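In structure tokens, the next block holds one chain alone, the form predicted alone.
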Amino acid sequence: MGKAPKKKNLADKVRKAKAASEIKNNPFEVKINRKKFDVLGRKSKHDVGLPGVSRSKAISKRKETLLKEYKQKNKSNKFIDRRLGEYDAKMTPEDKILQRFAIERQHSHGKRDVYNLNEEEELTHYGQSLAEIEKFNDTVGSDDESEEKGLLSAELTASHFGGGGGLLRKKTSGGEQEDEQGGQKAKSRQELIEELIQKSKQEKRERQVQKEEAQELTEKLDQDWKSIQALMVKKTPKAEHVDKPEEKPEEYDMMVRELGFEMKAQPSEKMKTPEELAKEEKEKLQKLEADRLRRMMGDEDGASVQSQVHMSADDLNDGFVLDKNDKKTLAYQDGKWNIEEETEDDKEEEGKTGEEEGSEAEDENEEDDDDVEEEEEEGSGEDEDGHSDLESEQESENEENDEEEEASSSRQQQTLSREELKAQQEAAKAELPYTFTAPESYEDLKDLLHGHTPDNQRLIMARTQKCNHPSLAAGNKLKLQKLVGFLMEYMGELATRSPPELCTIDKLIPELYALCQMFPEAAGKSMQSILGDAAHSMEEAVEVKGHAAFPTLDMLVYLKVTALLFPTSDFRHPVTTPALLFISQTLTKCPVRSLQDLTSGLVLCCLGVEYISFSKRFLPELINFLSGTLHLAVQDKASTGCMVVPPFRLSGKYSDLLVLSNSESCSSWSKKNLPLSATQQLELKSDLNKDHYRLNCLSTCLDLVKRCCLLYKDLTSFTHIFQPIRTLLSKHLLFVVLLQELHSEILDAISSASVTHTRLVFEKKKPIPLKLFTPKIVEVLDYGKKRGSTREEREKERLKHKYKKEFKGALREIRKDSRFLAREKLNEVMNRDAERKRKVKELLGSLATQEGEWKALKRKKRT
């Protein structure tokens, strides 16, 4: 407990009042707040201030709060004074002392009260009062006076411990105990232990006898139950089964049972990553390849090894399997329990009687009465358990015979397989391998695919991708990236063959698409290089000859593959945009000089329509080529009045390519698609075949015009774009009956387009007025008080003013706190420096004293 503060006397009060009066009377300590003008009726609270007094109070308050926090900063331990009333200024020191003393007495009283016994309470031990035991009526002499030293008598034990737990008798009273014992001597410890052992053995024998009797009664009850069980089975006639209608359970019971047997949700398998799937595919292919190689070599050891099963020396060969699933499936169907019947072998193993089997069969299936009767007849004999061993032996003999027959049949199959082993080896050799290594060069890819059908080539590429997945090895990614370029080059070579193998290209495109999805950058670079080479060669031909030939079939295949592999609807794409520009350049700079060139141009138009089908981008080269193709079918070109744009000419050698040589050839013509092989080689020997081919070209051209009409019908200039085509179709071209429907559909689509044109005018907008700098006039009345505002607005303004005032006050206090802490830190630094200087000065002084003493001693020695 700390020291109590001193009691203030009258002298202290007088001294304090004197100092306060001195401060107030000192003119240097008083600050007068002057006003600009006085207001009548307004009282000011701060006319005179004492800044020195306020400053000293603030400093002392900061020393008690802020300085203590600063000194305790970054310190883990603190001393907190938890004494009662220590921080309560209202309590006097005498009250604090009294309350602390009272609480201390309560704590000490609570501890002693645990063992404080009242007079009303009475403690007992084994039913005897401790007060009576402590009377010490029956005293025991010393060891010298007793006849048997070292032994505890029953009286002494009863007096000290209250009895021996049932074996040592309790002491009730001296007279009664002597009457009961009849003058006999108390039993010794050895006798008591022997008596306890005999009693425990007797209880154990009694429990064993009771257990044996209960077991005998249980066996007897089981035998009696078997004898009377047959009397309890009631067999109903078959006629009653037929006549008795089936009682269906209630709908609620059926729903409850269905819910009970409803299949619960099973956890699904874990989703596998692409790497795990690729690894499984590779392992599967490797296993199949190993199996194929084994069959090709004629080795059957693998199958025999797999069929062998390890058999232990202790195996009884009784067919008993621990892993067998013996659970019965339960179901509920048509308001009845549907439980699978047990087999006879299972019933014999379980040791059930025939009557039990019959009763269970009746409960399980009430419809099969014949089966129930057979089971009852089989189980009616009394010696069924005795004959079960014979039946099991017969069954084992039958199983041995079956095994011998199976072994003989397997030997015959082995002899047959040996005879057909050579044919099996040949079939395995002809079978396609399951694993392939990725080709390192284009020649390796050609050798890998040479001599295989299109389906097998597709299968080879698919297995090559699975066996060389990037997640399986480090270098597989680079190998498959090279394979993309090799496969594109191989597809181009297939297109240049005579005849072109377009079916093989069609089979290989899905595998190329899979590789493109896996490596889009490598596929894009390969296609960009192909398109760049084709465009460069066309530019060179135009510079040298002034014109260029139409691209060959391999280039057309590449353009088609580009549309399949890459998106064509993007505004700008690194692959499809150059491809579309190449198509436009070809349709502009390649002149049409034969039907073969015209076929190539129409194929390019088909590709162009496919490229712009989603984006609906306007392609003027496409419309120009279709218009020029229709112009080739007009006989009198001077009367058309249409302007022809290159690569077509108004007149010349190749301006009548689609003019029919004989008008009667239209009657024998049937519509057919243009073959892609015609772009590479076209042989038309007779004029009739040429006219039929011209009609096919016109049919394709009209079909493309119709598709363009559907694409561009929303354009504002639609009618102006298709005006030349409309003039040719309506005035100068009259087609056969088969093309007349298509001809009319195109004209209807062009003529049905609405023509809405408006003049080009400036957009009308409301003029923006100039900013006016008119002052805002606010009516102020009653010298600064704003009128016209609501109560909420005035309250809001008052709170804003109060907030600003408090905010400024908080900032001012924070600045003062910062200056106070800065002064304290500076004082600490100055005190540390002064202390260090003092210690250094003391050390130098002591060293100087030692040096002087040493020199004096040295001079003394010299003398």
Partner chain sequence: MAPAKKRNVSSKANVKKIKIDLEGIVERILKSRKHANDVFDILEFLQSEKEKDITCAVDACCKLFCTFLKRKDLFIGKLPGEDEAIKGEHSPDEKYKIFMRHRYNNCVEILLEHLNHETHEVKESALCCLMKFAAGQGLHPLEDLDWSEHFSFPRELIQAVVHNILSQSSDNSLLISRFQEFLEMEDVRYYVMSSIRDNVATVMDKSKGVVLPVYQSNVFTLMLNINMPSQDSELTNFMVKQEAKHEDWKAAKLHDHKRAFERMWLGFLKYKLPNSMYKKVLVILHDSILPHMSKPTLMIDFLTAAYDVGGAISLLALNGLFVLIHQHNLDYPDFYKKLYNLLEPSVFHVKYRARFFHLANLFLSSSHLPVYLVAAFAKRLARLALTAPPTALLIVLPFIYNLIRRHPSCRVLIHKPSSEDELLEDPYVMKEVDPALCHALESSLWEIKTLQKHYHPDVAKAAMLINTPLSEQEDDISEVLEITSYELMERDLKPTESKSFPLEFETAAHLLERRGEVLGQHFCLA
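Model, not experiment: these values are computed from the prediction. Residue numbers count along the first chain shown, from 1. Superpose the two forms; the largest set of C-alphas matching within 1.5 Å is the rigid core.
Keep in mind that the form predicted in complex with its partner chain is not shown, yet the notes after this line are about it.
- Although the partner is absent from this view, residue 717 contacts its partner chain in the predicted complex, with a non-hydrogen atom inside 4.5 angstroms.
- Using a 4.5 angstroms limit between non-hydrogen atoms, residue 763 touches its partner chain in the predicted complex.
- Among residues of the shown chain, residue 494 is not one whose heavy atoms approach its partner chain to within 4.5 Å in the predicted complex.
- Under a 4.5 angstroms non-hydrogen atom cutoff, its partner chain in the predicted complex has residue 289 among its neighbouring residues.
- Stretch-level contact analysis of 217-225, 195-203, 619-627, 681-689 against its partner chain in the predicted complex, using heavy atoms and a 4.5 Å limit, identifies 619-627.
- Though its partner chain is absent from this view, in the predicted complex it lies within 4.5 Å of a heavy atom of just one residue from 657, 607, 634, 449, which is 607.
- Residue-level contacts in the predicted complex: of 509, 541, 91, 746, one residue has a heavy atom within 4.5 Å of its partner chain, and it is 509.
- Although its partner chain is not shown here, in the predicted complex the stretch 747-769 places heavy atoms of 755, 756, 757, 758, 759, 760, 761, 762, 763 within 4.5 Å of it, in sequence order.
- Once the rigid core is overlaid between the shown form and the other one, residue 446 does not reach a Cα shift of 2 Å, moving by less than that.
- Superposed on the core, the two forms barely differ at residue 616: its CA moves less than 2 Å between the shown form and the other one.
- If you fit the rigid core between the shown form and the other one, you'll see the Cα of residue 762 move by 2 angstroms or more.
- By 3 Å or more, the C-alpha separation between residue 481 and residue 285 grows in the predicted complex relative to the form shown here.
- Relative to the shown form, the CA atoms of residue 440 and residue 284 are pushed 3 Å or more farther apart in the predicted complex.
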